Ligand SMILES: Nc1ncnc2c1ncn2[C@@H]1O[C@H](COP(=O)(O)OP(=O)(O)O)[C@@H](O)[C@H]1O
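Presented as structure tokens, the chain that follows is alone, the form predicted alone.
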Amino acid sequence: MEGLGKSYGEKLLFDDLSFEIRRGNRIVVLGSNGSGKSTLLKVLTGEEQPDTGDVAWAKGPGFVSYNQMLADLDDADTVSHAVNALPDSLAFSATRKSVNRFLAMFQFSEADLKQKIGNLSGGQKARVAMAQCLLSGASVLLLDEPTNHLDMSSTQVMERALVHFPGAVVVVSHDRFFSEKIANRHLVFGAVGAAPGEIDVRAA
């Protein structure tokens, strides 16, 4: 990410922002409401264009958006099909038994796998989306407030998944306990002593 800048009208969100996302990074983006955290994620995914600067993803599996996966879940689909039928899913090259064992780590029983997405709780849907992300083969996971409205059990499942994910993770979160458990890098919007639009990038 080189020289990124983004404004809305006269409000400067960030300017001349440069950083790299490397394998093993678990970057938590912190800051007050309206400071530009979610906008940064949209710039990274290409959903919004920066006013200045460039986002260059390395060749290969690229990134996946947890929030997009969650939004795209089909209520008429079953848990098992939703996870196994994704294009380019790693599940294609795995045995059904190994995929089911993987889903058991997300607290899905054999009976749960036959459930329709529309009948699941919010926490269960979140776990389906996270399983899809991990099986997508992407090297970077992007998540915007993933623990909002999640129960404690689902939050803990998500924490474990992100901590053990071998690629890189970029998360926007207001959940301090969640952030402290997963972060090894911070992007801080509006850090003490920072000028408007300036972001502090530092190790956790």
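Just so we're clear, the structure is a prediction, and the values are computed from it rather than from any experiment. Quick note: we count residues from 1 along the sequence shown, nothing fancier.
Another form, the form predicted in complex with the ligand, is not on view; read the next lines as being about it.
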Mark residue 48 yes when one of its heavy atoms lies within 4.5 Å of a heavy atom of the ligand in the predicted bound form, and no otherwise. yes
4.5 Å heavy atom contact, residue 146 and the ligand in the predicted bound form: no
Contact label in the predicted bound form: residue 13 to the ligand, heavy atom within 4.5 Å: yes
Can you tell me if residue 155 lies within 4.5 angstroms of the ligand in the predicted bound form, counting non-hydrogen atoms only? no
Counting heavy atoms only and using a 4.5 Å cut-off, do 84, 102 and 132 all touch the ligand in the predicted bound form? no
Residue stretch of 28-36, 135-143, 62-70, 156-164 approaching the ligand in the predicted bound form, non-hydrogen atom distance within 4.5 Å: 28-36
